[in-house]
Every structure is written in structure tokens, then in C-alpha cells.
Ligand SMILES: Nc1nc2c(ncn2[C@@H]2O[C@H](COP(=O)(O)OP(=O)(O)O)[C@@H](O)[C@H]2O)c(=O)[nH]1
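Starting off, we have a lone chain in the form predicted on its own, written out as C-alpha cells.
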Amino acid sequence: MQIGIVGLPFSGKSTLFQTITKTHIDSAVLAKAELHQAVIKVPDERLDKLTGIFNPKKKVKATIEVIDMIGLQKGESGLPAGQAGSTKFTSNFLGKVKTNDALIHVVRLFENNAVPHPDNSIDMLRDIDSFETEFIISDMEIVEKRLGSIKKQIMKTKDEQLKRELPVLEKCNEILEKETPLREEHFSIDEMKLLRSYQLLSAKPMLIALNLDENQIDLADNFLDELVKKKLSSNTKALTFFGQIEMEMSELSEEDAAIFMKDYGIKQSALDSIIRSSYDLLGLHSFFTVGDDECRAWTIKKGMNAQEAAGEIHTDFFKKFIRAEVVHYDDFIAHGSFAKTKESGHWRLEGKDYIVRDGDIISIRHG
């Protein structure tokens, strides 16, 4: 899973990136590079507990790749920075964003006269709309170009694939002409498969991260409430984080960071909030494999069956799948061993069509 962090200059994108990845980048390097990448190991108390029980040679956490998209600069449209309409994305920036599975849009809500906002004022909805508008324009250009090409080809050929693609693109075009992001509309599984190759930006799940300072902690819920009322859809979620505070916390031990959070009244770290929200946005959850050699968390799409989950472990497990031994984490912890879960009836054999649940502990039988 790859998530891109986007936002206007001085919004706190790189602060968030460094906070959740626990990396600290020199300011000179930060200014030169077009993007930074890092892999986050997903914290999971369940995996920690299983590792404590089995004492394996290795513990492997699920991971998320995070990319800090710092290529965007104000004035790329040719207008002076701060002038209305000056947030114009280059094709270079848009091309990098397209490869991500989801996007985190960092929106600045803190005041800082030493680092002025590019538009010289703080306006949450304006900044969100500036990105949405550019994504919609980019998608419209792609869709309209493809529609023109398909209509010409259909006149010359009876290609059934093109005939299936045409109404889906026409549907997209109608949505985009209403200045609505594609993520806010419903598409069937088959429609999504047809659209996947286009990597349309406004269709990508979006996590809006509101960056506040220490004086705004008590206002966090108010900002979220305003956003929920005006902007959020099923494929757009929002959270608040406290960039400067959490940057300092990222350099502390877990124990000291917990005390720091309590003192400031911060309920959840940016890392935990982003992972939870990202999993929800992308429809993901985890199952576990355990043993003396390795305890591991595997991230899969919700709704995957046992055979598909087995394929995430190894392609041969998918091809030669026979059965899955399954017990849920909660039942295993409650009974304390596989033997006792068998006695209680919680351990069971499942076929390839079994839908894997979040927290299942699975062992694959294969040929």
C-alpha cells in the first residue's frame, strides 16, 4: 500500500512525513528533493502479544509506504504566489500523485507570521477546494481525450471492451462536469476495474489531515465537525494532528511520548490516526500467521477469501490450496492455546470460500 502526502507549501506535509516515519531530514536536503519515501511498520498490539506467546525468531509487522510529495510550488500556473488561481499543478507533480493508492491532504489551520500561508490567510475549505479542482480538471482532460478516441474506434471496430468502457467514461464525464470528485459517486466493481488503468486522481480515497498548533487542541473537534458537514463523503475521511508538537514527540521514547500526549490532552498520535483511517479508506484489515520461526501480520482487502489470503503469503499456496486452519485472535487469547481452542470448538477447518476476518490466525494446508 502506497500513500502520498500532498498539500500547499508551509502546510506541514514534511513535518507529518517525518513525524509518522520517525525520520529527520536536513532542511537543505528537504528543499532540493522532489519527494521522500519511507516505509512505516504498522503497530499492532495483537501481533506483539502473539510474539510474546510464541517467542519466534522473527516478528514481521505489516507495512505502509509513505511518500512526501514536495514537488508542488505556488505560482506554477504562471501567476504570482498568493494570487487567486495560482495553485496550478504541473504534469510532473500530477504524474507522481497518480501512482498512490490513497492521498493524505495536509491542510494548514495554524497561524504563524514567520511562515505565512501562500494565500496570506487561513481558509480550510478554500485550500481543500484548490486541490479538488485541479484533480477534477486533470481527470476531465484524461476522460475527454479517451472518450474521443473510443468513439472513433467504435465506428471502425466491434470491440466489446470498448463498448463496455464507453458508458463508464461517459458517467465519469458527467460527474466531473458537475465539479464533483469521482470518489463521491458509486461505481460497481466492474466499473472500477475498467477505470483502474487511468489512475484518476479525484477517484482516489482521500484523507484530509488538519494541522493544528498547541493553542487549538480544544478546537480540534469543532474543525472536524465543520468539515463533516460540508465536505466529507464515504471515500473521504478527516483527522486532526498537531504537527510541531508531534514532531517533538517523535524523538522521545514511547513512554515519554505517552506522558507528553497526556499532558497536552492529545488522545491519539498522528501515526495511529493515519493508519486506522487509511485502513478504513482502503477497506483493509489484517490476519496473522504464527509459529516458532515467525509471527507475522498480513494486510488484505476486506472480503478476501481464504484462498486469496493464502496467495498473499505465497503464490503456490493459492494454486495448491486445500484447507485453512482458522482461529480468531480473541478466541486464542481467551483459551491460551490451539489445543484448548480445538476443545472449545473455536478452531476449525475452512474451505477456499471462507471470508477472512480481521484478527484471524490462519495456517494454510496446501498440496
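In case it trips you up, residue 1 is the first one in the sequence shown, and so on. Remember, it's a predicted structure, so these values are computed and weren't measured experimentally.
Below: the form predicted together with this ligand, not depicted.
Exercise for the section: Look up in the predicted bound form whether residue 347 has a non-hydrogen atom within 4.5 angstroms of this ligand, and give yes or no. Expected result: No.
Problem - Close approach of residue 21 to this ligand in the predicted bound form, 4.5 Å, heavy atom - result: Because no heavy atom of residue 21 falls inside 4.5 Å of this ligand in the predicted bound form, the answer is no.
Handout entry: Residue contact check: residue 359 to this ligand in the predicted bound form, 4.5 Å heavy atom
Key = No, residue 359 is distant from the partner.
Exercise for the section: Examine residue 110 and determine whether its closest non-hydrogen atom to this ligand in the predicted bound form is within 4.5 angstroms. Expected result: Contact with this ligand, yes.
Practice task
Report the stretch among 260 to 268, 126 to 134, 154 to 162, 111 to 119 that approaches this ligand in the predicted bound form to within 4.5 Å, counting heavy atoms only.
Solution key: Comparing against this ligand in the predicted bound form, the contact stretch is 111 to 119.
Practice task
Select from the listed residues 142, 290, 212, 203 the one whose heavy atoms reach within 4.5 Å of this ligand in the predicted bound form.
Solution key: Only one listed residue qualifies here, and that residue is 212.
Practice task
At a 4.5 angstroms cut-off on non-hydrogen atoms, which residues of 343 to 359 are near this ligand in the predicted bound form? List them in order.
Solution key: The stretch 343 to 359, when checked against this ligand in the predicted bound form, contributes no residue at the 4.5 Å heavy-atom cut-off.
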